[in-house]
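Here we start with a single chain on its own, the form predicted on its own, put down as structure tokens.
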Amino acid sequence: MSENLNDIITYTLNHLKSRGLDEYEVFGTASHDNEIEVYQQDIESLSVSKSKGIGIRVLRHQSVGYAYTSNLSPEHILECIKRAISNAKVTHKDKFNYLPVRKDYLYQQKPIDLELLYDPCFYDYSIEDKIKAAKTLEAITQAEDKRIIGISNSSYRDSAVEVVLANSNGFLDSYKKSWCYLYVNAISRQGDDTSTGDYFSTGKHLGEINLEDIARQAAKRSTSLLGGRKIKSVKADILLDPLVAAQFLNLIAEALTADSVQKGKSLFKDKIGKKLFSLDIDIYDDGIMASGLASAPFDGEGVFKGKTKVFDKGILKTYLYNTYTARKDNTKSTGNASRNSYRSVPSVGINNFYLEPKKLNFSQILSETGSGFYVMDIIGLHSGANAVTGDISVGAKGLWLEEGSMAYPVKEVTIATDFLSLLKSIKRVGNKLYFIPSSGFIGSPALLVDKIMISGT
């Protein structure tokens, strides 16, 4: 058996043809992954892995069977086919169970330059280079400021992956992707007060990463919060740092997947066509964004990705669909079938999801804020924010603002509101996007929010 993934999938398809199935699909990936953590210049953990495998999805009488294997010998592939067919005999029938065809696609082309997804320079850097980068990041972050007393985490992750998907409806396509991620969390101390601050950067290979910028930003975010005061409870404007705003936006994105809505787990149920922002805010889920970590020509079931306008001038226009959830709502797939590897069946996921920036730079927003709370970090977002009820109650720290300037650090406060009120209360939007890697690649500019309850002492 050839080790070429295309040859393996063609072999598997040929053996599926004679099994009397209604439809079938083979999804294969071959990946090279590295994970490194350093602590005090020693390697705390190191993981280097190469994996290759296929997942086989078969449909018979509207029942789905799935099985996967990383052993790609002919006998194991045939055994995997048998298991998938056997599994289809015990799963429930569903009239929406069938593979996508062109009429299910919202986007009929794949307008993405594949060279933007993958850079062969990924392999120019050895594991020693990557360890050195994590160690260097740790060292230069600590050297940024004498108040930095330690680094709790300096880490590097990357992946290069080839994806091939083929099905009995004639779809056969492939692409390659590469990405890397460097992160550091700095601990600073002044007197009895201790603070932390983190930062990160992403790229298609190590050469695209600016270590000095990560170190500088992490040190600044850590030391700027030293001497934080407790404040009395107050209702005030809050200015969300772009990285904080992106974390809130991630929860909003997850609640906009059709699967969440159809299962009654989303506050956005029955909100299509309604204006949920006071401002004319546009939000996109862009699966073909040139610099997006979540970009690809097609999704986890072979549907072309595109740029979906989820909010248009503050009005919710659509949910995010794979083929199955789209059929349930009698609409088309937005190319949001997500698949982490050959081990998983498609679910609904998020691509590059972002809130469109406007014209104000950060200094202009600061000056318009006057008095308020600049939120630089939030604690307990996933436990303190409920995407079903919309309630938000999260810990926060940052800087108090007076007359548009940073006045003093603030700690141990809680922001209490709900998502729909938060969206309605956004009154200014910054001009620069910052992205965080999360369940998708989530981006937001700074957001100024009108009069939110801040609970202190």
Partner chain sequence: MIEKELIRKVLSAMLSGGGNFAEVYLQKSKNNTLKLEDSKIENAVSGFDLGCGLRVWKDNRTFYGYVNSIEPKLLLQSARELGRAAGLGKNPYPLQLSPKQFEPLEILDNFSLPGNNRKKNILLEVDEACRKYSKNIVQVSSYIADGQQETYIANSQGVFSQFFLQKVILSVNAIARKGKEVRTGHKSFAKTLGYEMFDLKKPKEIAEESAAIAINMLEARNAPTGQMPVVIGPAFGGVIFHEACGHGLEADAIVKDASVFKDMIGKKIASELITAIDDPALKGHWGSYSFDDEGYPAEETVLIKDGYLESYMNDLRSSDKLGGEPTGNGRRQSYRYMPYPRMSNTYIANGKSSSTEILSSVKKGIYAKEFAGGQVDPATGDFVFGISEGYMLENGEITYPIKGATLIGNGPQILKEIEMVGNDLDFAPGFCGKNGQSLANEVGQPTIKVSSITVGGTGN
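Positions refer to the first chain, counted from 1. Only the largest set of C-alpha atoms that superpose within 1.5 Å between the two forms is called the rigid core. Keep in mind that what you see is a predicted model, and the values were worked out from it rather than measured.
Here the subject shifts to the form predicted together with its partner chain, a form of this protein not shown in this document.
Novice: Within 4.5 Å of its partner chain in the predicted complex - does that hold for a heavy atom of every one of T69, L381 and V388?
Specialist: Each of the three qualifies.
Novice: Can you check whether I43 is within 4.5 Å of its partner chain in the predicted complex, heavy atom basis?
Specialist: Within the cut-off, so yes.
Novice: May I ask you to state whether L422 is within 4.5 Å of its partner chain in the predicted complex, using heavy atom distances?
Specialist: Judged by the heavy-atom cut-off of 4.5 Å, L422 is well away from its partner chain in the predicted complex.
Novice: Examine K397 and determine whether its closest non-hydrogen atom to its partner chain in the predicted complex is within 4.5 angstroms.
Specialist: Although its partner chain is absent here, K397 would touch it in the predicted complex, with heavy atoms inside 4.5 Å.
Novice: Would you classify L59 as touching its partner chain in the predicted complex, given a 4.5 Å non-hydrogen atom cut-off?
Specialist: Heavy-atom contact with its partner chain at 4.5 Å: absent for L59.
Novice: So its partner chain isn't shown here. In the predicted complex, which residue out of S291, S233, N361, N210 has a non-hydrogen atom within 4.5 Å of it?
Specialist: It is S233.
Novice: Using heavy atoms only and a 4.5 Å cut-off, determine which of Y342, Y374, F311, W179 is in contact with its partner chain in the predicted complex.
Specialist: The residue in contact is Y342.
Novice: Taking the partner as it appears in the predicted complex, which of 366 to 374, 281 to 289, 193 to 201, 213 to 221 has residues with heavy atoms within 4.5 Å of its partner chain?
Specialist: Among the candidates, contact is made by 193 to 201.
Novice: Residue by residue through 46 to 82, which ones have a non-hydrogen atom no more than 4.5 angstroms from its partner chain in the predicted complex?
Specialist: L46, S47, V48, S49, K50, S51, K52, G65, Y66, A67, Y68, T69, S70, N71, E79, C80 sit within 4.5 Å of the partner.
Novice: Comparing between the shown form and the other one on the rigid core: C-alpha of T69 shifted by 2 Å or more?
Specialist: Yes, T69 moves 2 Å or more.
Novice: On a core-based superposition, does S421 travel 2 Å or more at its Cα between the shown form and the other one?
Specialist: The answer is no, as the C-alpha of S421 shifts between the shown form and the other one by less than 2 Å after core alignment.
Novice: Any chance the CA of V345 moves 2 angstroms or more between the shown form and the other one, core superposed?
Specialist: Yes, because once the rigid core is superposed, the C-alpha of V345 moves 2 Å or more between the shown form and the other one.
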